[in-house]
Ligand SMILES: Cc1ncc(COP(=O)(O)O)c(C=O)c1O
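For reference, the chain that follows is the form predicted alone, supplied as structure tokens.
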Amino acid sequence: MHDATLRNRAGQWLEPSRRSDVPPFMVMDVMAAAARIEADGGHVIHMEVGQPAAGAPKTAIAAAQAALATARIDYTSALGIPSLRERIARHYRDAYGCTVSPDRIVVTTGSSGGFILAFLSMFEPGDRVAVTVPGYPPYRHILTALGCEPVLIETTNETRHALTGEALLAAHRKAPLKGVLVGSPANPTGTMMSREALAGLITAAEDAAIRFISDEIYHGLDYAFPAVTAAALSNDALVINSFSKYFCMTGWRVGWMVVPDILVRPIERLQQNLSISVPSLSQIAAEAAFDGAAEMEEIKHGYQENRRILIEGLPRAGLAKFLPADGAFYLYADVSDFTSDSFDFAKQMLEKAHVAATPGVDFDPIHGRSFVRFSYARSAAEMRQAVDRIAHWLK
């Protein structure tokens, strides 16, 4: 009786905070449902999660094994291992012809850690930050949890689902914005911004004193044209990237930021207090991952083939409308000919065809009920089988 009374009392005051009341990341729920089917013996083709089927580069694995053999895996500088920061700076010279000082590089716990550090260092509670829809759900959810207000700006076919300076400034005139976050290649659409489009957007933002964040986690996975980094266009833009996608190191949880000089010390203080440092083993592996570029390019060619299979095969299966898949490894398909409820569509496709995909409502609370995101980060054989399964199910 005493224990029950204590539990009842706790229930009266030990309640979750309002800031924790964010929507779930729906793709994780789809993964859980797929796992239940697999536990019962079913074979699911996983196209729901943006996770490469391949593992980390061999160079990264070898470096991690060598580090483990020393039995010393210690804290590092809060900003990251100096040699890794220097190697990332070199990457900007090699990949983009862009000079970035290692002093402006901050190693983070994946891109997710980068978003938290960026938002905390750039915005106050109540600040309005623009994000595009469709877009990556945790942008909105993390901003909300930190007390900021995500401002949703719809993108359209006319702009290839990229944000324009005109649309940004129109939202700013309605109520002032403190910041804007964009991704190119984008999740879930796979669309990319040209150099001219990105430069124009950055100029419009900075002229209006809107702080600019560029999510570049899918750089390297570009098919239509080479991706452009915001770091080459502005020293005041904050760039977030990660080893998760191109380098196939999702579970290692290591990413980086290129930050304006004025934010280096504030972000260092935040990192010191929030996590002390990024796991050193992951940092050691990440530095060596740059030497595995040939291996990663081969995997990228596999994504290109998967992209071709879906672009050619899904229309024959009945899904003929989708957004341009310029980069990343996603295809965002219009399913409005079959349903007005993409969540139910994805649920039925999983249960009946054993193909897991993510409903568009995860990415777009406005029009997402008409779309489903397919990830093509797995094998070509699985992509062909998925097309066949979907075609048979939709007949």
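Here the structure is a predicted model, which means the values were calculated and not measured. Residue numbers run from 1 along the displayed sequence.
The next section is about a form of this same protein that is not shown, the form predicted in complex with the ligand.
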Open item on the list: Please identify, from 281 to 289, 122 to 130, 216 to 224, 86 to 94, the stretch that has a heavy atom within 4.5 Å of the ligand in the predicted bound form.
Closed with: 216 to 224
Open item on the list: Just to confirm, with a 4.5 Å cut-off on non-hydrogen atoms, which of T164, S112, S277, T144 contacts the ligand in the predicted bound form?
Closed with: S112
Task: One residue of N306, N187, Q271, T155 in contact with the ligand, assessed in the predicted bound form (non-hydrogen atom, 4.5 angstroms) - done: N187
Open item on the list: Just checking whether F212 would be counted as a contact of the ligand in the predicted bound form - the rule being heavy atoms within 4.5 angstroms.
Closed with: no
- [ ] Indicate whether the ligand has at least one heavy atom within 4.5 Å of a heavy atom of R104 in the predicted bound form.
- [x] no
TODO: Look up in the predicted bound form whether K300 has a non-hydrogen atom within 4.5 angstroms of the ligand, and give yes or no.
DONE: no
Task: Heavy atom of S244 within 4.5 Å of the ligand in the predicted bound form - done: yes
Open item on the list: Where, within 131 to 147, is there a heavy atom within 4.5 Å of the ligand in the predicted bound form? Residue list please.
Closed with: Y136, Y139
